[in-house]
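First, one chain by itself in structure tokens, the form predicted alone.
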């Protein structure tokens, strides 16, 4: 992992490991974060706390603060909704039980996607997808990587646009928690629920986005991911304004996936992110209020 910059005192609270669709292990991520001077990180794998739990096991041997985390896919027909959970109890039995149901639905969906691709004439086998995943939780990004390797598409983005995303030729829906269910699950596990990258909700305008945020806050949402690699200055300003207006916490992270998401570097995203540690302090304070 070739990242040569100093970012002392900054944080990255949106990172994916090999436990879901990232290309680096939790230990590799922590070591890289320490080398570049990050003060705190959170591994937020999709619908699993395995990567986060593994990262926490190294917390005593590394001079960097590690927050527990997860990113949960919630059912939202108008777009894509992900809810981040911070400072959760990774051994919470109710959390683990619910995640098993979600992971089982994801596994069944993966098999259906591969079958659809085969029906479309694509030469792909599920064991190839498992191999690409490196033993972690299999997801659509791994299927996309196989399609790239086979020359079916030129990039992971193209695989999603043409085949794997909603409306794509090989798209298959799956069971997801309702937004309120995802939020309440995080709260019951002692954590802080935060809306990830709000632009993926596909809200028509700021008024509609604000309405969604109000509904989510009523369900227990505590924060908004204001700083993200894919946020434009306009996005950042809008999300910051709405979060402050409604008394929601501000958080941020790169959405780092390693080689699985080229161009996004740990800690700095596409080169311009510098997320201050004070946001972690605010997260910790909010736990008392949950």
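Computed from a prediction, not measured in an experiment: that's the story for all the values here. Residue numbers count along the first chain shown, from 1.
Omitted here: the form predicted in complex with ligand AMP. The next part is about that form.
- When you look in the predicted bound form, the only residue of 141, 136, 198, 179 with a non-hydrogen atom within 4.5 Å of ligand AMP is 141.
- Contact with ligand AMP in the predicted bound form, defined as a heavy atom within 4.5 Å, holds for exactly one of 217, 96, 109, 89, namely 109.
- Proximity to ligand AMP in the predicted bound form holds for none of 39, 224 and 282, with the criterion being a heavy atom within 4.5 Å.
- Checking 116 to 124, 154 to 162, 183 to 191, 203 to 211 against ligand AMP in the predicted bound form, the stretch whose residues place heavy atoms within 4.5 Å of it is 154 to 162.
- Using a 4.5 Å cutoff between non-hydrogen atoms, residue 257 counts as a contact of ligand AMP in the predicted bound form.
- Using a 4.5 angstroms threshold between heavy atoms, residue 46 counts as touching ligand AMP in the predicted bound form.
- Taking a 4.5 Å heavy atom cutoff to ligand AMP in the predicted bound form, the one contacting residue in 13 to 31 is 21.
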